[in-house]
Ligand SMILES: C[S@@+](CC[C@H](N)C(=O)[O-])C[C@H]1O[C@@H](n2cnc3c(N)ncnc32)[C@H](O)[C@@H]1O
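To begin, one chain is listed below as structure tokens, in the form predicted on its own.
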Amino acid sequence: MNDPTAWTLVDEGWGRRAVDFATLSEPGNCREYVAVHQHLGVGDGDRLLDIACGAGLALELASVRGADVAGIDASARLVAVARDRSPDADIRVGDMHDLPWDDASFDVVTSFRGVWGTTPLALQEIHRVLKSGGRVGLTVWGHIKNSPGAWALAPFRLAAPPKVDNQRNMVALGRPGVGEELLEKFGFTEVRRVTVPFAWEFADPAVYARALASTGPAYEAIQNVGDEAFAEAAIETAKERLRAGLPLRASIDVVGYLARKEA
């Protein structure tokens, strides 16, 4: 990172509505978490670290599979929720570019849409803390425009143009060949790309708008247009997707990368 203190600003966007994120937004990620844990064979005896762990639902699910879990996130308020969910886990506030664990501390490292095209050096730290032969699983947004649920991310474009451009750069790892090349660059082997199931579901447009507003990209849009305008735009977007007797559903392309640290 160019600014070593920049990670501390993440809590402004992601932590300000931590409870809303944990209860309204993050549960929709369960398919993604479960799929990656299955691909990696997470189980008894694994020491697992989740990077950008947020409110800690992925850690909780990994512990159900028998893993001894640890996590790190830049948002102190999200970490508070994660610790409440998994009080025996080693969950810390910090920077994924400077992990506070020794070399070769973990059998598995995961990150669910937490490592971006704008933060590639995090892979250097992931490689360092993995044991020889250790597994890594990362997810990133894939081809959003071609996803049936692309509508659910549209309100993020209310952010100022430079912020929208940065969002576009962040999701660059989902492009064909980009993530594979980056992982190999940082010394990972057996790199493969998998499709990961992902779908948000909401009871109604108001719940969708509230859930979306709890995310970091929404914060950037809210900074530009204000809370009320963002909520109104989100609700109007969702009204067009109502289906009688069914929840609002947004299926979005998510790409997974699986790899190992060379034995």
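The structure presented is a predicted model; accordingly, all values stated were derived computationally and were not measured. Start at 1 and count along the sequence shown; that's the residue number.
Beyond the structure shown, there is the form predicted in complex with the named molecule, which is absent from this document and is the topic of what follows.
None of 206-214, 46-54, 60-68, 230-238 except one has non-hydrogen atoms within 4.5 angstroms of the named molecule in the predicted bound form; the exception is 46-54.
Taken together, Trp7, Ala74 and Arg113 are fully in contact with the named molecule in the predicted bound form: each brings a heavy atom within 4.5 Å. Of the residues Ala152, Ala89, Leu78, Leu123, just one reaches the named molecule in the predicted bound form with a heavy atom at 4.5 Å or closer; this is Leu78. The named molecule in the predicted bound form is not approached by Phe202, whose heavy atoms all lie more than 4.5 angstroms from it. Using a 4.5 Å cutoff between non-hydrogen atoms, Gly142 does not count as a contact of the named molecule in the predicted bound form.
When contacts are judged by a 4.5 Å heavy atom cut-off, Tyr219 does not count as touching the named molecule in the predicted bound form. Within 4.5 Å of any heavy atom of the named molecule in the predicted bound form lies no heavy atom of Glu180. Residues of 207-233 that come within 4.5 Å of the named molecule in the predicted bound form, judged by any heavy atom, do not exist; none qualify.
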